[in-house]
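In structure tokens, one chain follows: the form predicted alone.
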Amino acid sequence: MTRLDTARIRVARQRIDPAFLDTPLYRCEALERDLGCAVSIKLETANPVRSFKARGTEVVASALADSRASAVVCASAGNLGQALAWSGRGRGLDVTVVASRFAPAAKLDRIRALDARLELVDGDIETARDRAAAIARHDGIRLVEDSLDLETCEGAATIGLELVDAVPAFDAVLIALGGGALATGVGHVLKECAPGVEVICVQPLGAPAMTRSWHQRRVISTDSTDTIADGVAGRFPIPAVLNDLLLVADDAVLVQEASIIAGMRMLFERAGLIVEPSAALGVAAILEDPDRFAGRHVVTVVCGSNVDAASYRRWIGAES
């Protein structure tokens, strides 16, 4: 059985600041000639933290405020930290974010600007998770664990509620796959409310742990990651999240770095969108397997746009 519940997701929607709800969903004809299929974009960057993550942190922070909690800590590759800082600041919570010192500077700077305490660690997101857990134990405060905590999954799932109301209907949705909150949340709602829609998860070839786990139906970890898509670069899938994913994903695919960059460039040149690498995974999947999507109507969730300017210019070849 899944951990997620659609009735609870509908209740969660009432706890989320409207600034993060009803994000744009539109047919992007400018992409279609190159991609060979009808493409709609669900633009999860059109909000104060420029990613979908605040849908989950709003649910977390609202519940913490109701319980009169005063502090919270999380590990983050950047976007969850920004979101928790934003949601916590508005509810009087003392927010600590642990991140890798190698995380994109733009994400780290924004966390600081949102008044969170930022602690940097050597190593990757898994090292940051260990440190955040230690802080939570020492200080006796709530640890927010992205994808493991149901609030993060069910907050993200509110995107699915918005997709099922879309007119016209679509054939498939492409979802970036990292820890799994976005994929399991949106996938759960679609499979319950629009079961004919194909749910396809997309992950970089250089960070394949969750995709390999989905295919083998058991947790497969990796020793390292090698991808520019930092937001989905986990190494240790969470068993409970994998169980949820197995119930809702129709497929999980891996894409190459060159395709991610090509997707970022296409979204910029054709759609006028500046996105981080994780947000281009859906377009990358179409580029790598156009025959699969030919003649279909596909939605891709553009999940974040927090990217360092210098790195972005280098990747897409823009003038500095």
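Note that residue numbering begins at 1 and tracks the sequence as displayed. Keep in mind that what you see is a predicted model, and the values were worked out from it rather than measured.
The discussion below concerns the form predicted in complex with another copy of the chain, not included here.
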Looking in the model of the complex, any heavy atom of Arg270 within 4.5 Å of another copy of the chain?
yes
In the model of the complex, does Arg89 have a heavy atom within 4.5 Å of another copy of the chain?
yes
Could you confirm whether Val11 comes within 4.5 Å of another copy of the chain in the model of the complex, counting heavy atoms only?
no
Another copy of the chain contact in the model of the complex: Val73, any heavy atom under 4.5 Å:
no
Of these, Ile261, Ala38, Ala63, Ala30, which has a heavy atom no more than 4.5 Å from another copy of the chain in the model of the complex?
Ala30
Taking Arg110, Arg313 and Gly317 as the candidate spot, are all three within 4.5 angstroms of another copy of the chain in the model of the complex by heavy atoms?
yes
Looking at heavy atoms inside 4.5 Å, which stretch does another copy of the chain contact in the model of the complex, given the options 288-296, 270-278, 64-72, 250-258?
270-278
Using a 4.5 Å cut-off on heavy atoms, which residues of 198-236 contact another copy of the chain in the model of the complex?
none
